[in-house]
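The chain below stands alone and is given in C-alpha cells; this is the form predicted alone.
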Amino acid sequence: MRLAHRAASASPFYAMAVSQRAAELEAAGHSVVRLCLGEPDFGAPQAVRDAMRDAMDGRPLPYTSATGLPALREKIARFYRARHGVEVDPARIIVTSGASAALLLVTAATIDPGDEVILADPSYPCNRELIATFGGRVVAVPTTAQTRFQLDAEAVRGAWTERTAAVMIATPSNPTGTSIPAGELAEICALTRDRGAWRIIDEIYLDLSDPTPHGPARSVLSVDPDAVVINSFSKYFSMTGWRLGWCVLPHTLVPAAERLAMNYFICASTPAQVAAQVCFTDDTIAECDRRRQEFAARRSVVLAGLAEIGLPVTAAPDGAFYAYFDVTATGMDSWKFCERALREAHVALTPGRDFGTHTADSHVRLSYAASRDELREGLARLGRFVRA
C-alpha cells in the first residue's frame, strides 16, 4: 500500500505545530503566551451563544440544503447591502463549514490540472495546498513592504501566462494584516476579468478593517460584482470553533459549486446555521464593532512594543489582527527565532516559512487576537529574550 502523492507532499501548517508545542509546555506547568493563532479571545457574541442553546433544545436538526438555510443566506445578503452598499442575490451565497470549506469548494469548481493561480508571497498557506490538490500550479509572486506585501496590477501582469486561470487575493491579508488599496484592487480585477480568469478574493478579515472616511471598508463586489468572494464567521464574529463560513459566487458558478458541496459536505452544521442568524442583529453588529475597535487598540500596543524591542513592522496592518515583523537584525532566521522564543521565553509565534519562500527566513507573524494583558506580557518576554 502507498500513500497518495498529495498527502505525502503536503507541507505542515507551522502555526498549528507551534500551538501544539505550546500546549505541551503548558501541560508541563509552564505559562505560555500564545500569539501564534488567529483566534479571537472573545468567543461568539452572547446572543449567538444563547441562540445555540435554544437550538439544542431537543428539536430535530435535519440536514439543510447544500447551499445553506435560506433565512441565513438572506441575512448575509442584507448584511452586504447594509454594510457594504452592494446588492447580492441570496441565490449566489453558499454557506459552508468554515471558510476553509469555501476555499476548497471554490478551488474544486474553478481549477483544473495544469491551471496556474497567481497569489502573493507571503500568503495563507492552505491556499497553496488546495491549488496543488486539484492539480493546479501555484505562481507565488514575491512582494515587499513597498506594496504592503500585496499584489498590484503590475505584478499580476508580469506573472501572467496562457495557463493563468485565477488570481487569488486576501485583503486584508494573513499574515500581514495589510489591505490592497481600492483603486489597485479594481485594476487587478479588471485586468483579470478582461483576460478571462477568475478573481478569488478572500475577505475573511474585511469587517475588521479600519473604517474609511466614507464608512466601513468596501467589499470587492462594489467594483467587481462577479468576483468570487470567501468569508467567514470566525474572525469578525469570533466564532472560530463553530466552523461556519460562506462564499459569494457568480450565478454561472452556483450549480456546479452546489453539486460539489452536496458530495463533499452535504451541508454545514444545522445548529450553527440556526444560531448564526443572530449575528446580523443591530446589537450583535454593534458588539462586533466594539471588538474591532479593541483590536485597533491592541495593534497600537503591539506596534509600539515591537518598535521598542527593535523588531520592525515594515508594513503596518490596517485590518485583521496580525503584525508581520522582521527578525533579520537578531541574527536568527524566523524558524530559529520562533523555536527559541517558545523554548526560552515561552512566547508562541508563527515563522514566515508558513506563508511562502520570499520572507520565509526574515519575518515572523504575531497575532494580536489575545488580550492586552497577554500582549504586554508577551512583548515584555520577547524584549528580554532579544536583549539576552
Ligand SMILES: Cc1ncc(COP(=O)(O)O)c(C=O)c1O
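Heads up: residue numbers just count along the shown sequence, starting at 1. Remember, it's a predicted structure, so these values are computed and weren't measured experimentally.
Form predicted together with this ligand: not shown, discussed below.
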{"property": "Contacting member of S179, T192, S234, Q273, with respect to this ligand in the predicted bound form [4.5 Å, heavy atom]", "result": "S234"}
{"property": "One residue of R243, R199, R128, R73 in contact with this ligand, assessed in the predicted bound form (non-hydrogen atom, 4.5 angstroms)", "result": "R243"}
{"property": "4.5 Å heavy atom contact with this ligand in the predicted bound form for all of V33, L375 and L379", "result": "no"}
{"property": "T284, heavy atom within 4.5 angstroms of this ligand in the predicted bound form", "result": "no"}
{"property": "Touches this ligand in the predicted bound form: S209 (any heavy atom, 4.5 Å)", "result": "no"}
{"property": "Interface membership of F149, this ligand in the predicted bound form, 4.5 Å heavy atom rule", "result": "no"}
{"property": "4.5 Å heavy atom contact, Y322 and this ligand in the predicted bound form", "result": "yes"}
{"property": "Option from 221 to 229, 291 to 299, 84 to 92, 98 to 106 whose residues, in the predicted bound form, bring a heavy atom within 4.5 Å of this ligand", "result": "98 to 106"}
{"property": "Residues within stretch 115 to 130 having a non-hydrogen atom within 4.5 Å of this ligand in the predicted bound form", "result": "Y124"}
